[in-house]
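Provided below as structure tokens are two forms of one protein chain, presented individually as structure 1 and structure 2.
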Structure 1
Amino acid sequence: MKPRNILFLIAYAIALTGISLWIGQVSYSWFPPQASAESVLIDKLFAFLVTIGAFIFLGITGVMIYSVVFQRAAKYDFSDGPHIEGNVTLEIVWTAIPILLVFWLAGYSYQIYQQMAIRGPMEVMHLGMGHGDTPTVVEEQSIEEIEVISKQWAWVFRYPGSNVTSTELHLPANRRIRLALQSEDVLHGFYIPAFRLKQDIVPNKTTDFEFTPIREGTYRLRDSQFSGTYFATMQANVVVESPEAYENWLSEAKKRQPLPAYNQAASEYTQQTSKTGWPTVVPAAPPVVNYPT
């Protein structure tokens, strides 16, 4: 190969690497704010995958464009190209590179999963892979336990330590949270986009789920599983606040008498049945809680 071509390939690889790294950094802006410790790790993994994907895509596209522009046959040239067969070195290279890349991605992904130390049903499946050895930091932290009840179509949050119930999920920042997820009817999905976390909630089963919120603010909890007609209304605010503000909220909520909370699904059901009479599952009664929203 001529020195000029070698220099061109080196320059192209450097430019390609720079552009891919830039696209990987840009990918951080494609998501909501990082509101949990796990979201930082998830975004880091995603940026890494985007960087690798951009490098491969732009590399292949660049070679295709170069071939079309500079290596195309002359006009009216219908002759066959040179016959090339049996290049062992080339076959080894294009086999080894994808295999090494797959192992690299798998190892890095598993490393991120270990750092997240999320506890849910998947943990049981990974105990044999050493996952049970990783969450030592979690054991040393103070864990806030909250019960989450999902039903068609409402969320109810119960704080057993204070005997407080709410339709708004309040969490202390920088403290490990353990949720006991339950469903009273069908399959639901606990999903907070700002936390990058999702967990299915299976009926007749309690699922423990842990994470650590790190950024104060108000976020949105959604049902990630289609659970029926009014599934889109099954949302709730998630308030992450300082530990002091969280304790104050618990104290104030505990003093309140339980009242029925507003339920959008029940409201829409009443309006729809009076107009159209469409058959659907009747929404559960509005939850009676200390802190209705």
Structure 2
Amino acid sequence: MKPRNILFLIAYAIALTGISLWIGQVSYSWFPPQASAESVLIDKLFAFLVTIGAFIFLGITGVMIYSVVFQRAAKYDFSDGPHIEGNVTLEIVWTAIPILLVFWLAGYSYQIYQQMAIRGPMEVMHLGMGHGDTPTVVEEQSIEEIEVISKQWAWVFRYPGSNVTSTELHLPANRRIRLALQSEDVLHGFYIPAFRLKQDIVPNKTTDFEFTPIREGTYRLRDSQFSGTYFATMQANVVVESPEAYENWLSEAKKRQPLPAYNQAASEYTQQTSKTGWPTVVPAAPPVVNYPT
């Protein structure tokens, strides 16, 4: 290779690296706020993948665009290009690099997943086999256990410790939460974008799910597994508050008489004056809870 070409290549690689690192940093701004310990880990992994991905994408398309701009046939030039069938060294290099990259990415993703320790199906039952079950992100404290009941199309949260029910999910900040996810009819998905966490709920079986909220505020919980007609309406507020505020809320709620909550699916269904659509599964009656919203 001519020294000029080598210099050019080096400059290209440096420019690409710079741009990719920058895009990787920018990628943090594409997300909702980081409201759980897990979201910090996931965003870090994502930024890393964006950096690598930007390098690959810009690197290859840069070469293509160079070809398209500078290597066009002249109008009346009907000759062929050089007869190059391949190049063994080059092919070995571009096989080896992706292989190494794959193991690197998989290894890093694996580490992040271990640190999240979100559990999921079967993990609690199979406990004891293998890896450390304690998340490394927060020091182990008392775990807050909450039951989540999903149905077409409503969320109900039950706090077994104080026997409170609610249609708004209240969580203490900086404490490990363990949810017991249940569904009464079809598959639903528990998903809080600000937590970057999602888990499908399978009927007739309890799925454990763990995470740690770290930022006070109000977020949205959405159903992430298509569940029929009013799927899009199946949302609930998630309120992360200080442990004191949380305890207060629990004892407040406990004193209240259960009342029917507002339910968008049910109200859309009953308010539908003219029948425009196709027959639908009838929404469950609005849940009756201590803390309706």
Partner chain sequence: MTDSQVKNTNIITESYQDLSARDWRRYFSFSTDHKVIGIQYLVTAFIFFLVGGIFAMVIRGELITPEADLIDRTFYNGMFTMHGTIMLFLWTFPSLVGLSNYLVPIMIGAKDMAFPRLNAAAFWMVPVVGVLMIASFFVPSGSAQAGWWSYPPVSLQNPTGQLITGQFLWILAVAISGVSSIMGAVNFVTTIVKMRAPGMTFFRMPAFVWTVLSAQIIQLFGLPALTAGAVMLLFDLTVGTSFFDPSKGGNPILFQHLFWFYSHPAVYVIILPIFGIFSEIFPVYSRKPLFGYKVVAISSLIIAGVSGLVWVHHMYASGTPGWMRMIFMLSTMCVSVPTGIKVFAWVATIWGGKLRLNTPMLFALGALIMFIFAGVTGIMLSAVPVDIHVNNTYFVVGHFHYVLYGTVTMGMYAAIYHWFPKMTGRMYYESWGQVHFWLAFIGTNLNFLPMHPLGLQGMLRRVASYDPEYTFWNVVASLGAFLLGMSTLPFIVNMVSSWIQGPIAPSNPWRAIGLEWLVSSPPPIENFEDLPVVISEPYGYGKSDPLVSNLEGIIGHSE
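Predicted model, so just to flag it, every value in this text is computed and none were measured. Here, a residue number simply tells you its place in the sequence of structure 1, counted from 1. Note that the rigid core is defined as the largest set of C-alphas that superpose within 1.5 Å between two forms.
Structure 1 or 2, which would you say is the form predicted on its own? It is the first structure (the form predicted on its own) rather than the second.
Using the rigid core as the reference frame, would you say Leu9 shifts its C-alpha by 2 Å or more between structure 1 and structure 2? After core superposition, the displacement of the Leu9 C-alpha between structure 1 and structure 2 reaches the 2 Å mark, so yes.
Threshold 2 Å Cα movement between structure 1 and structure 2 for Thr89, core superposed: Yes, Thr89 moves 2 Å or more.
Is Ile99 one of the residues whose Cα moves 2 Å or more between structure 1 and structure 2, with the core superposed? Superposed on the core, Ile99 moves its C-alpha less than 2 Å between structure 1 and structure 2.
Upon rigid core superposition, what is the positional shift of the Cα of Ser79 between structure 1 and structure 2, expressed in Å to one decimal? C-alpha shift for Ser79: 4.2 Å.
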